[in-house]
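Each of the two blocks below gives one form of the same protein chain as structure tokens; they are labelled structure 1 and structure 2.
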Structure 1
Amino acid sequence: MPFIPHTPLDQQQMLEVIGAPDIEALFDEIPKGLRAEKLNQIPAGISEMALGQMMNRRARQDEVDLCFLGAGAYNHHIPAAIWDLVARGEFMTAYTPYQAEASQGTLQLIYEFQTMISRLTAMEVANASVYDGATALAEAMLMAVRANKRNRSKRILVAGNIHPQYLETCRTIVKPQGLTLDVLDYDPRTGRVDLDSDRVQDAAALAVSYPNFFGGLDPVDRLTDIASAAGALVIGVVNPTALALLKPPGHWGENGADIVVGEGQPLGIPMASGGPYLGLMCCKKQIVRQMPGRIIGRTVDQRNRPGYTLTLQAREQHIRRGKATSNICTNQGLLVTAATLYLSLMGNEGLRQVALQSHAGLKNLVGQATAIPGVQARFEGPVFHEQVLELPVLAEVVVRKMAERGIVPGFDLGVVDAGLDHCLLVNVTETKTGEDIDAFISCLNAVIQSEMSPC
């Protein structure tokens, strides 16, 4: 019995205390006709060794040599110390810190995390995580509608250059509550959005992504000022690594963004097929009572020693049930631990160097790629560590052919927009060396050559 410690003697003694003849008797309140058959569709148990051998094979099967995919998940270096510590039983096998006295480790850590994230974004408060970047944005929209006192609208204006899967997620989550998403087209030349005051009139909020899905940088100061002036709240969707170099949303325009969300994955969390990741969420203090998710506060104990505890719980489902700000309960605690360790290990300069080196790598790649005849940057203007290349052949073909040679070159934008079917979204992080980029270029070159050659 893997993981079940009972000896035959234990079992007998326990049944005696209960006064039941056998374990079967303990299920005698279940209507007879409902009792299940054996679980025949599940194969017999295997040893940890056999499991390891099988999973090793499967994991190996999926490996590629080089991957230049970004599009919302980024392959940064993860310092060795992080997961050694995150995987400590004390972090990994604890529950949500309901008993504060027995959970000061996790609670203090989250308080530190809240501090780090609110400083990085220049926002007043941060919560203890929601599921991922996309659901964070959905929660931000719901929150904005609740929080916007100047404007009772349920219309959210969304920049059209936001990650398309964020948009899909938001649709799923906010539609049942009657919100409408009004998508702002982006300028086909720059890939950026602009806004006039008319459009934003009577919207509950404006959501912009920084960088946007194409890696570009929208005019966030201007967008923020126009939206605020019209009474809409501003929701910023940010990449936390980028904020080491970019203007933090708390400082956008005159008053800064009102709610900030983002995907915390770049902060020490492996790409791991898309999760578990870490939804970041911050806001101005005045609307904190509309924020979903757990929030840790510092207080004192009976001997006046500082201590940390779940606070503002009256926003949450376990207290307020149907009146809660969200149904979220379990969140991404362990990933908060990873991100906190990451930010602590990197410090200001470490994070800045990651961002700088990623940016430099992208410039190198784009510079070399656009020297290939027929390849050009699709959009103008500044970018951060990700950019759209327009190719002389279908992006889908380039992705397939390069992947066959062990290099996944980026994201085929044709998947999300037929008009961009010659466009490849390419990301470079600090993990890519000069040789890696050279390998990308020569592989791209070869594939384009072979596709373009007559017959």
Structure 2
Amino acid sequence: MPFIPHTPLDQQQMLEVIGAPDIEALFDEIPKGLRAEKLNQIPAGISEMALGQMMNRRARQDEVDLCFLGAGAYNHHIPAAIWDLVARGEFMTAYTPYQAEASQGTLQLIYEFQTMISRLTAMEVANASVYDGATALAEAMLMAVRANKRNRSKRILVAGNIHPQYLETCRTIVKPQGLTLDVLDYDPRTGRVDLDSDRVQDAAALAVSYPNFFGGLDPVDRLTDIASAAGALVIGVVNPTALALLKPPGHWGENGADIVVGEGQPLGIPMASGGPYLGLMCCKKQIVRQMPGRIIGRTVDQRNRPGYTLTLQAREQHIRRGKATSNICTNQGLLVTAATLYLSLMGNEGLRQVALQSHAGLKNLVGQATAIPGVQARFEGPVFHEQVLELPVLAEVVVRKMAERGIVPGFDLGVVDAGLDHCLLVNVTETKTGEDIDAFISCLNAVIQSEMSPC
């Protein structure tokens, strides 16, 4: 779509009509402390043709033979029917369905999405999504502070094994709202976190990931009960595919999690060089009015025919500036459509088989990898479809040299923690065959041997 800017004359004429001296005057309500500095790292503009050529070159860099990279985005099989249907004009160009009488098909689809996500997480309510998993977590933190009537604290306890990019996103979003993030250290032996009752005192919420960033499974029942007993709400960050096998957050501990978020990318959405993605968000019914985003309800008309409509939250709630529940929430309609179709086609058993095959594939890979001299599992305990391998050489070198041979082997944890620079986070999904795993092991062994051989 071409970009048609307003000319300086256009801008001046509009300012004269509304009585503003300049464009800066339109933003005088924003305190200087909240304004961004100059974006010095943004390069100069280029032409549309040059941009297209650059993006094509970048896209070709993503073409590899095998990818074992996870760390928040996962290479699952996507049935062909999904994006054939999503690409239909009715879905591809749909806008948020404010006009219910003209949008029943879209509204019903979103309602089905909410229903399936609620069942998957065992939560009472789901919204029609937010931007992505990271911003969903930030929204959940803000929501928890608003919703916690027992504790007016703005302190959020955060498990230190949550995705580090999620944590950075949360810091960026919640800091201007006065929230404090208190990060719990993870056990260097297990990669998991634990909690004592003293630490959770005077915290509005506890955020815990399941599985965690390292692929492990934290003791969510114990964490949930300790947090709940201290008056803190529990925010669960989940992988939707894993919930086909693992205990859903609505059943954690005695009372379950209060708010649940996650990244919906595994549900029929391609990795696509990092987005756009789909933020899942659920909560208990008692705090639903604090949840941002669209919520679709089902009712009947005067003739007792079923109908669907936006409910609880009017459009105006999201354009009330400082009084809005959220100023970044949205309905990621296209990706909600893809996720709904994916869940519908897979069904309960299909999703379970995807999860089982992914787990079995990882077990196969780790079993063979740890037979290589010097390679071992970094953390103890159960995992889902991701695990950390500790290598006898730098993970950065392994990633680079294996990528040169057409295999992206995983995520170099030295990027986020210098103390883990020999550690590689490896992911396996149902797309990886036994031959693919054998190729990974052969390449990994060759790279390690070449790096350790004397010159």
Partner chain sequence: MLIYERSRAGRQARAQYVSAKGLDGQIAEDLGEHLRQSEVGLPEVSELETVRHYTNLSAKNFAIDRQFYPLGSCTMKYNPRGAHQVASLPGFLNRHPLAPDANSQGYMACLFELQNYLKEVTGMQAVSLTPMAGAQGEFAGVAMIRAYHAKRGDVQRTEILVPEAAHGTNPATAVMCGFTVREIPVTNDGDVDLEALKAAVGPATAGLMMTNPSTCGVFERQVQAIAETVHDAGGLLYYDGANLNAILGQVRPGDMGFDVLHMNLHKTFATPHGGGGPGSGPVGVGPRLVPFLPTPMVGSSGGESPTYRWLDHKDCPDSIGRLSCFMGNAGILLRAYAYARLLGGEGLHRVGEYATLNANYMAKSLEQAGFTLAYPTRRATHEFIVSLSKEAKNQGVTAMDFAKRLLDYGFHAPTTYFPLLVPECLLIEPTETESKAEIDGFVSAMAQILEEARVEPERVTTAPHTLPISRLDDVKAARDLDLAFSEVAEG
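Along the sequence of structure 1, residues get numbers from 1 upward. Take the two forms, find the largest set of C-alpha atoms that superpose within 1.5 Å, and that set is the rigid core. If you're wondering where the values come from, they're calculated on a predicted model, not measured in any experiment.
- Working note: structure 1 is the copy from the form predicted together with its partner chain; the remaining copy is not.
- Once both forms are fitted on their core, a CA shift of 2 Å or more is seen for residue 303 between structures 1 and 2.
- A movement of the C-alpha atom of residue 19 reaching 2 angstroms or beyond is seen between structures 1 and 2 when the two forms are aligned on their rigid core.
- Taking the rigid core as fixed, one finds a CA shift for residue 435 smaller than 2 Å between structures 1 and 2.
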